[in-house]
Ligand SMILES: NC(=O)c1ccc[n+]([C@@H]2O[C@H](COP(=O)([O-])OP(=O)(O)OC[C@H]3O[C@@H](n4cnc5c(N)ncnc54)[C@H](OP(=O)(O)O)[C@@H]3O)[C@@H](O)[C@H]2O)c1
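In structure tokens, one chain follows: the form predicted on its own.
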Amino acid sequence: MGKPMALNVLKKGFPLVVYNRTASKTEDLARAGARVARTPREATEAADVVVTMVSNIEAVEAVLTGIDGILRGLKNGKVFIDMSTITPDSSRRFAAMVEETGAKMLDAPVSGSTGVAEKGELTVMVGGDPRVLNEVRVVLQAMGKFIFHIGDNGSAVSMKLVINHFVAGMTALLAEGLSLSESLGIDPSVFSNVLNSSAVKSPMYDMKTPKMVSRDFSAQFPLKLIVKDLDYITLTAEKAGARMPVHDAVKEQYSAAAREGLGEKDFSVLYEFLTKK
């Protein structure tokens, strides 16, 4: 997700400095005009707005608090935007660290596939001071079509976990429904056409039905990351005292598929797991 988002920032005319723990992943960005930094600190010192898009809490913490991490390059007037999907508690903890440097932090996770990211049409959920959001809105608009201010720090991450609860659950239902329809002798193309003309039509099903029917499970969003998000949802729901019986059942299905070695494939591979003889 990070690369197409960064490319769109470049396309909008912003000067860009990039860092990735795997240097080869910055090559396309360098060819497009970005300067490659050797450390997160170097990138931060060169920027007014610092954006992270990494896989989990541990990755955010590493890039933020390392010896040459982002915190060492932040100062008054800079804005740090974490667009990763983590937990609200961890996001608020990171925001407190950032505040100590004099800088400001927004949590701004996104909803949308890599294809949507390439078009610059992501939905961006933002938590933090709305005045800070207004300062950096033009940067977020380079990456997203819809920008929603949710509330204080951590609130946008909370909203993203709720969205991913639906994403995981809807895709699990799709996998079961397609499997059931095939067991009943219904042609997959008929299933797809009827589904997308029915009351349950959705952009999620538009994306995932063709992958399941063709059994093309090249990763748009790897199964291992949806399992990570489901774990974060469990932690967050338990703290909030929310009962999530459907979530618990869905999480077990994806976790079982991950245990079968399917973690690097798109999470729609749950269909293959369910139909495996």
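The structure displayed is predicted, hence computed values, not measured ones. Counting begins at 1, following the sequence as shown.
Missing here is the form predicted in complex with the named molecule; even so, the following discussion is about that form.
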Margin query: Arg259 versus the named molecule, in the predicted bound form: is there a non-hydrogen atom within 4.5 Å?
Written below: no
| Quick one: is Asn153 in contact with the named molecule in the predicted bound form, heavy atoms, 4.5 Å cut-off? | no
- Should Gly73 be counted as a contact of the named molecule in the predicted bound form, where contact means heavy atoms within 4.5 Å? no
Report task. Classify Ala6 as contacting or not contacting the named molecule in the predicted bound form by the rule of any non-hydrogen atom within 4.5 angstroms, answering yes or no. Result -> no
The stretch from 53 to 61, 209 to 217, 28 to 36, 242 to 250 that lies within 4.5 Å of the named molecule in the predicted bound form, judged by heavy atoms, is 53 to 61
Item to complete: Report yes if all three of Asn20, Thr114 and Lys160 come within 4.5 Å of the named molecule in the predicted bound form by some heavy atom, otherwise no.
Response: yes
As a check of understanding, the residue in Leu235, Val49, Ala46, Leu225 with any heavy atom within 4.5 Å of the named molecule in the predicted bound form should be identified as Leu225
Residue within 4.5 Å of the named molecule in the predicted bound form by heavy atom, from Leu140, Val110, Leu178, Ala103, is Val110
Looking in the predicted bound form, the residues of 70 to 89 with a heavy atom no more than 4.5 Å from the named molecule, listed in order, are Ser84, Thr85
